[in-house]
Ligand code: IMP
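Here you get one chain, nothing else, as structure tokens; it is the form predicted on its own.
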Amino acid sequence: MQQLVIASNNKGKIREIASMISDIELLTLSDIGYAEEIEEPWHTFEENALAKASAIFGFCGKNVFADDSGLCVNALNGEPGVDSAHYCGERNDERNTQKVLDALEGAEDRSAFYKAVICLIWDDEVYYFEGICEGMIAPEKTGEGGFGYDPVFIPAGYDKTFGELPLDEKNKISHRAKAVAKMVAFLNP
């Protein structure tokens, strides 16, 4: 069985992706003994995903993928975007989400989208896969599921937030699900 390293320590993200991949042994950073924090200094999802994938590939030489994703709010000129994980100045889901809600106080346009970009290094070649999920920002947090901004993001065509939807339902429509599906289709032609 082929092995593939996911360049992340985010337990929510790992759980989500592991439920979408079969026929490939998914290894985490702890499985390969990588404990360093991977910097994400760039201003695009593609550059950050490549930086993470390259760091892990350089460490272990195994096939690897990394994603960078974020919430892009139209009324906030695309913010928090690539800075989603540290929007409030630190990695704090609760404070990041509250900052978005505060910024949208009284806003008529609450449209937003989640974007995920996966960088896959497979057999020494680099590939990218993108997924987008359109939706809107709820006026307040609802639901305990997911992570990040999930309790305030209502995907288009739904009346519940990602935080309220069961994981298997979210995995059918999320930005990450769409990017992972493209990567899996590439790996299993």
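One rule holds for the numbers: they count along the sequence shown, beginning at 1. Bear in mind the structure is a predicted one, so any value in this text is a computation, not a measurement.
The same protein also exists as the form predicted together with this ligand; that form is not shown, yet it is the one meant from here on.
Colleague: If contact means a heavy atom within 4.5 Å, which one of 144 to 152, 27 to 35, 119 to 127, 55 to 63 is the stretch that engages this ligand in the predicted complex?
Modeller: Going by heavy atoms within 4.5 Å, the stretch is 144 to 152.
Colleague: Is it the case that residue 85, even though its partner is missing from this view, gets within 4.5 Å of this ligand in the predicted complex, heavy atoms only?
Modeller: Answer yes; at least one heavy atom of residue 85 falls within 4.5 Å of this ligand in the predicted complex.
Colleague: Does this ligand come within 4.5 Å of any heavy atom of residue 47 in the predicted complex?
Modeller: Although this ligand is absent here, residue 47 would stay clear of it in the predicted complex, with no heavy atoms inside 4.5 Å.
Colleague: Does residue 170 reach this ligand in the predicted complex, with heavy atoms at most 4.5 Å apart?
Modeller: Yes.
Colleague: Contact with this ligand in the predicted complex for residue 19, defined as at least one heavy atom pair within 4.5 Å: yes or no?
Modeller: Contact check for residue 19: no, nothing within 4.5 Å of this ligand in the predicted complex.
Colleague: From first to last in sequence, which residues of 157 to 181 have any non-hydrogen atom within 4.5 angstroms of this ligand in the predicted complex?
Modeller: Going through 157 to 181 in order - heavy atoms within 4.5 Å of this ligand in the predicted complex - the hits are 170, 175, 176.
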